[in-house]
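Let's start with one chain on its own, the form predicted on its own, as C-alpha cells.
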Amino acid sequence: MLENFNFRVIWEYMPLYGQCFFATLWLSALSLLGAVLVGILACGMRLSQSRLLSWPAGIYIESIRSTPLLAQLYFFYFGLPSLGIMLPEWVTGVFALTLNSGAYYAEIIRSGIQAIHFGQIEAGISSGLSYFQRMRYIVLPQALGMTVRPMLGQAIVLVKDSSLLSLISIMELTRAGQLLTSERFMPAEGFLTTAAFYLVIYYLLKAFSNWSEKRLIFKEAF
C-alpha cells in the first residue's frame, strides 16, 4: 500500500492543510465556547420552576436533538438568506455548531447538577449564600467536574461535525482533503492526511481533559 502512497503530493499540500488545520481549531474552539455558554443557559432555564423559562428551553433542546445537524446547517445557510438575514459562511457554520452542541451540553450539565446531593445546596442556603453564589461555588464546579468526560466526548463530536462546514465552502480540514482529491485524484492521500490532523486534535482535547479533570473534580478526604 505504502509503495503507491505519494508523500510528495502530501508535502506539497501541507501549507493548505496547515491553514485548514488552524481554521478547524478556531472554528471548533469558538463553537465550543458558545455551545458551553448556551448549554449552561439552557440548562438553567430548563431547571427553572417557571414554565415561561423551562418550556422554551425544553423545546429548543428536544428540537435540536431530534433533527440532524446537516439539516440545521442547510436551514441556516439557505433558509436565513430567504428571510433577509445574510451572514458570512463562517458565522453560519459557528452558529449551527453552537446551537447543535449547546442542546447536548445542556443535558450533560443538567445530569451533573441533578447528581449533586441536595444537602450541599441546603448547606449553602443555611450559610447565607445567594442562588448565584451557590451555583458559582457549590453546584457548577462539581457538576462540571463530574461531567468532564462526557463534555470531552461532545467536544470531539463537535470537532468531527465541523467537517460538515466543507459543504458550505468553508476552508477547513475536510475541504483540504476534497481539494487534493479533486485536483490530483488521490483520495487516499487526501483523506488519510485529513484523518491524521483530526487525530492530533483528538489527543489535544484528551490531554486538556486529563489536565482539567484533576482540577475540577471534588474528591472527598478520608
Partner chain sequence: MWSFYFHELMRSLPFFMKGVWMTVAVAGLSLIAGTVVGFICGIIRAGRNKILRAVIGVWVDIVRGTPFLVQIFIIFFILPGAGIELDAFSAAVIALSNLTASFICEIVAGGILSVPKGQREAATASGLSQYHQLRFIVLPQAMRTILPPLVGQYVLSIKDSSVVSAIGVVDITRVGWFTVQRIPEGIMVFGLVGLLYFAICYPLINLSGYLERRMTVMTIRL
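All figures in this text were calculated on a predicted structure; none of them were measured in a lab. Only the largest set of C-alpha atoms that superpose within 1.5 Å between the two forms is called the rigid core. Numbering follows the first chain given and starts at 1.
There is another form of this protein, the form predicted together with its partner chain, and it is not shown here; the text below is about that form.
Only one of G128, P88, G119, G79 comes within 4.5 Å of its partner chain in the predicted bound form through a heavy atom, and that residue is G79. Only one of A188, L30, L37, L53 comes within 4.5 Å of its partner chain in the predicted bound form through a heavy atom, and that residue is A188. Although the partner is absent here, R184 lies well away from its partner chain in the predicted bound form, with no heavy atom inside 4.5 Å. Its partner chain in the predicted bound form is approached by S66, whose closest heavy atom lies within 4.5 angstroms of it. In the predicted bound form, Y104 approaches its partner chain with a heavy atom inside 4.5 Å. By the criterion of a heavy atom within 4.5 Å, W211 is excluded from the residues contacting its partner chain in the predicted bound form. Judged against its partner chain in the predicted bound form with a 4.5 angstroms heavy atom cut-off, the residues Q114, Q142 and T147 are out of contact without exception.
Although its partner chain is not shown here, in the predicted bound form the stretch 163 to 190 places heavy atoms of S163, L164, S166, L167, T174, Q178, P187, A188 within 4.5 Å of it, in sequence order. With a cut-off of 2 Å and the rigid core superposed, W11 has a Cα displacement that falls short of the cut-off between the shown form and the other one. Put the two forms on the same core and the Cα of L205 is off by 2 Å or more between the shown form and the other one.
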